[in-house]
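Here's a solo chain for you in structure tokens, the form predicted on its own.
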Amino acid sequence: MTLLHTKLKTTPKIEAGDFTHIVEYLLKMMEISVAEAEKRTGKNAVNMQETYTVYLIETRPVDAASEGTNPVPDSLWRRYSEFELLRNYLLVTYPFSVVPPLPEKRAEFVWHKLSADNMDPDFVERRRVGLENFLLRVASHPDLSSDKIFYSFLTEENGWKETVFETGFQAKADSRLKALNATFRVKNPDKRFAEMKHYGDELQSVISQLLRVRARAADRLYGVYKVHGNYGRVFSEWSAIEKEMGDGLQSAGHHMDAYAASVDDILEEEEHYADQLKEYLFYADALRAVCRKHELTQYELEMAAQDLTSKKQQREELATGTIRTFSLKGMTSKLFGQETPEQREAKLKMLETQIEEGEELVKERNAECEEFVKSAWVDIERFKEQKDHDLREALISYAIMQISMCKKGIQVWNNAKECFSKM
């Protein structure tokens, strides 16, 4: 057993309550990184050759650095599909949590010079960063971080999938999915969750629009910068036919060439900020998923209560012999005569048992719903603080980058002016 295994067993479960003082237990014990990506070729489930990417996860005890030692990190390889399996497991096991999203499987909102190929080296590198961010998000989550399946994902290369499937999460996921896809409508929806679901829709909409605007702006910016390369070419050609002005024109041309070439680094940096926005585009889905699961919990409570009411009404009708509403039972009685006292007694006894079970189920569903609301709202509040902080920092950094870019442009033209002045 490793030091990390020992610590995990002795670390108390994190309680989510004070959002501003959440102790990030797993990250305090373990350094986690997705160090590199590697392209591989092999046969898939239907025995066909395929090319895929694997990612190297490295972990090491945090204590090692403070104690002055630098041990070789534990490492293992994972495919993107295994990250998907982990997240699906977390979604089912923690339905009240806003589970961090994975980076996109295929590039979206790309400007025309950016490859949408999921095997493109630049895209794979951005996905590597996104997968590392996903692991760090989970490792700093007050509930998800203490999950044993998550820990084994980080530390056990062989047998991990089997361990996940042994939890039986898929059966639960399938039954919940059928219920979520079924046509149902909650009669008494919780206003807070309805508003939060609507907010998730709106958040996804505005971030999508922002990413589209940014992609269009990137296309135009690329064109503007590259056109400055034409200045460089023309100034160089002009310098060849001038004597006194030649050196100044040549130098100005070099500045323009450098300016035109700088756009590639600028747009690469912009992609980093676009990926931060995309994370919250996908987070909006995770937020809505919690709200939908609450609807399902509420629906199950209402159905149990409705069934109990129906059973109680049947008991009253049997006991009094009064049929309040049109029913098949009432028609049968008119056509074939009344039930014998023995038959009625047997039915009453069966109904009493069903009512007792129904009351227990309603109590159970009610407690389940209350617990879900309590846990979900704690995590939604935590998510809101995280979102506000992250998006504020990302937008400020993006504005600073744009200011820096403009200053470099001004500097290029100041340098060109100096060149022209010396002619």
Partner chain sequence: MSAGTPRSLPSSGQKPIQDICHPLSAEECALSRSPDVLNPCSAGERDLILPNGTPVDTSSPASSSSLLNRLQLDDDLDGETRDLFVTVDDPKKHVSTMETYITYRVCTKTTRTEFDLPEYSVRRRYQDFDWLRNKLEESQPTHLIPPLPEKFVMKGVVDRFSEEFVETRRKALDKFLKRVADHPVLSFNEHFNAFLSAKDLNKRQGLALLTKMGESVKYVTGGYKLRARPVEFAAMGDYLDVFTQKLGTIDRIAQRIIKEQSEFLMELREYGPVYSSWSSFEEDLHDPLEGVSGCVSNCSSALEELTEDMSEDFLPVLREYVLYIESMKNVLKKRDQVQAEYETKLEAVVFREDKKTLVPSDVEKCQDRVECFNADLKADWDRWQNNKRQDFRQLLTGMADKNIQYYEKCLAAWESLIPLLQDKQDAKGETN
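Source: prediction; values computed, not measured. Positions refer to the first chain, counted from 1.
Keep in mind that the form predicted together with the partner chain is missing from the display, and what follows is about it.
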{"query": "Listed residue that, although the partner chain is not shown, lies within 4.5 Å of it in the predicted complex (heavy atoms), from A289, I149, L308, L203", "finding": "L203"}
{"query": "Answer option from M350, A171, I241, M119, heavy atom within 4.5 Å of the partner chain in the predicted complex", "finding": "I241"}
{"query": "Region of this chain that lies against the partner chain in the predicted complex, out of 310-318, 81-89, 204-212, 94-102 [heavy atom, 4.5 Å]", "finding": "204-212"}
{"query": "Contact at T163, R344 and R365 by the partner chain in the predicted complex, all three, heavy atom at most 4.5 Å", "finding": "no"}
{"query": "Interface membership of K187, the partner chain in the predicted complex, 4.5 Å heavy atom rule", "finding": "no"}
{"query": "4.5 angstroms heavy atom contact with the partner chain in the predicted complex for G223", "finding": "yes"}
{"query": "E370: touches the partner chain in the predicted complex, heavy atom cutoff 4.5 angstroms", "finding": "no"}
{"query": "Contact label in the predicted complex: K387 to the partner chain, heavy atom within 4.5 Å", "finding": "yes"}
{"query": "Heavy atom within 4.5 Å of the partner chain in the predicted complex - qualifying residues of 381-416", "finding": "K387, D388, H389, L391, R392, E393, L395, I396, Y398, A399, I400, Q402, I403, M405, C406, K407, G409, I410, W413, N414"}
